[in-house]
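Just the one chain here, laid out as structure tokens, in the form predicted on its own.
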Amino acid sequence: MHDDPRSAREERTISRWTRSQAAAIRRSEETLAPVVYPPAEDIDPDLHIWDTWLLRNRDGTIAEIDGYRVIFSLTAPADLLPGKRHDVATIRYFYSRDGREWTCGGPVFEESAEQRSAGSRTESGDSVPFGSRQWAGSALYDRRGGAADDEDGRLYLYYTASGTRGESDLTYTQRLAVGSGGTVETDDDGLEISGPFNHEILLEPDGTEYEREEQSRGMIYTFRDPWFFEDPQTGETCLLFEANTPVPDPELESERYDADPEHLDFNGSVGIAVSPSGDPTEWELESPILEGVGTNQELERPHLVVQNGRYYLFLSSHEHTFAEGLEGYDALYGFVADSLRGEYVPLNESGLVLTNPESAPFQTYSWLAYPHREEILVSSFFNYYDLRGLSLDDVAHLPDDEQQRRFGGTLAPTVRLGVDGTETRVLGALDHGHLPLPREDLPTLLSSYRGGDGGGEY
């Protein structure tokens, strides 16, 4: 580790998503998702469900426990207005034997009334989650022996600790945290995850490589979405996350980023931390692996897929987080490199991989990609639909029942991507919430979808 992080930064080439690259963003047949319609049945009609991630093994493969696979989602009561759901986000788990039918197992971190009113630890020593609510992260099932499917493993539930426990007014402080421990038990009736979990704050922004809240200039800062990754080439244990790069003096740094000073308030980055020992709870910050300074403010939920020896870095972003002069979409964006630290180049020249049709620009969000044989599958959640030209700001002024009607709040169809070097293309889509394992065949009936604004069947 270097004593001076800025010196370390100058010694390494940090990949950048530049304004000139993002200026080439255009919808095309290769990047267009099919129109999404409401499913016949929600996973759980009592819940809003949005950001979702898989329980994975150290090598990134989907964990199977006695034939069950597990997903984790941010959830809120379905009778809550959709726009308020982030204020009360609770992580719940769902399990399935076939990757199609999901059963809700309940909140991951169960708390008593005493714990809810306490700080980070009760008088009895029980550890409780940090933050007034928990946002997205990732989940590791670390098997002791690392071999047999039926061996016991240790759970690591990484999450964003947002706000402060016990606060009367919501704050947006963000730290990377983990709940480790817990047990997973299965029987013929299902799967159960139970505590106790030991909760720790893992990382906070340092103010040099990663912007602190007080350094941001009027836009919400980000330090969230921890994503566990073990490099198959080197064995290095890493944690990716969303952050912002400090730009103390935009006038001085505009030439460096090839952007006007006012554009540098948009300063999203993909951060990385490393565990020298491989311990999933011990991390050291390093310089970002990708910066979008001057281009975009929020590079959300970054994650990697390694395929054919190449590293595909994916992230989600919004149309409203692009800097002035750029036109992007609510979409999945991607970059590719020959190694973990790059240099990354944007997929499809602009970075755009998968976006909603112009007729339904906010129908899905929060994409998560994972490999399936020679393809990549992309899950997301069913967001706002049937807006008929309304913006998301407009939705907030609709009557309550109309806001509820137009919010999907469940898993969206899984999209299939073909990948060839630096180019991707949409191949088709599966059912809502269908998350197959790589050994499972995909329905041939669904392989013929071709994109087109406002059309397509899946």
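Note that residue numbering follows the sequence shown and begins at 1. As the structure is a prediction and not an experimental result, all values here were calculated from the model.
In what follows, reference is made to the form predicted in complex with a small molecule, a form of this protein that is not presented.
Fill in: Contact stretch among 45-53, 387-395, 428-436, 402-410 - heavy atom within 4.5 Å of the small molecule in the predicted complex
In short, 45-53.
Worksheet item: Are any of the heavy atoms in residue 165 no more than 4.5 Å from a heavy atom of the small molecule in the predicted complex?
Response: No, residue 165 stays farther than 4.5 Å from the small molecule in the predicted complex.
Item to complete: State yes or no: in the predicted complex, is some non-hydrogen atom of residue 154 no more than 4.5 angstroms from a non-hydrogen atom of the small molecule?
Response: Taking the distances in the predicted complex, the answer for residue 154 is no, it never comes within 4.5 Å of the small molecule.
Discussion item. Under a 4.5 Å heavy atom criterion, is residue 141 part of the interface with the small molecule in the predicted complex?
Written reply: Judged by the heavy-atom cut-off of 4.5 Å, residue 141 is well away from the small molecule in the predicted complex.
Discussion item. Please tell me whether any heavy atom belonging to residue 74 falls inside 4.5 Å of a heavy atom of the small molecule, as the geometry stands in the predicted complex.
Written reply: Residue 74 belongs to the contact set for the small molecule.
Item to complete: Using heavy atoms only and a 4.5 Å cut-off, determine which of 311, 95, 365, 197 is in contact with the small molecule in the predicted complex.
Response: Partner contact (heavy atom, 4.5 Å) among the options: 365.
Discussion item. Give me the residue from 224, 341, 303, 263 that has a heavy atom within 4.5 Å of the small molecule in the predicted complex.
Written reply: The residue in contact is 224.
Practice prompt. Decide if the three candidate residues 86, 136 and 242 all line the small molecule in the predicted complex, where lining means a heavy atom within 4.5 Å.
Written response: Verified in the predicted complex; spot residues all in contact, yes.
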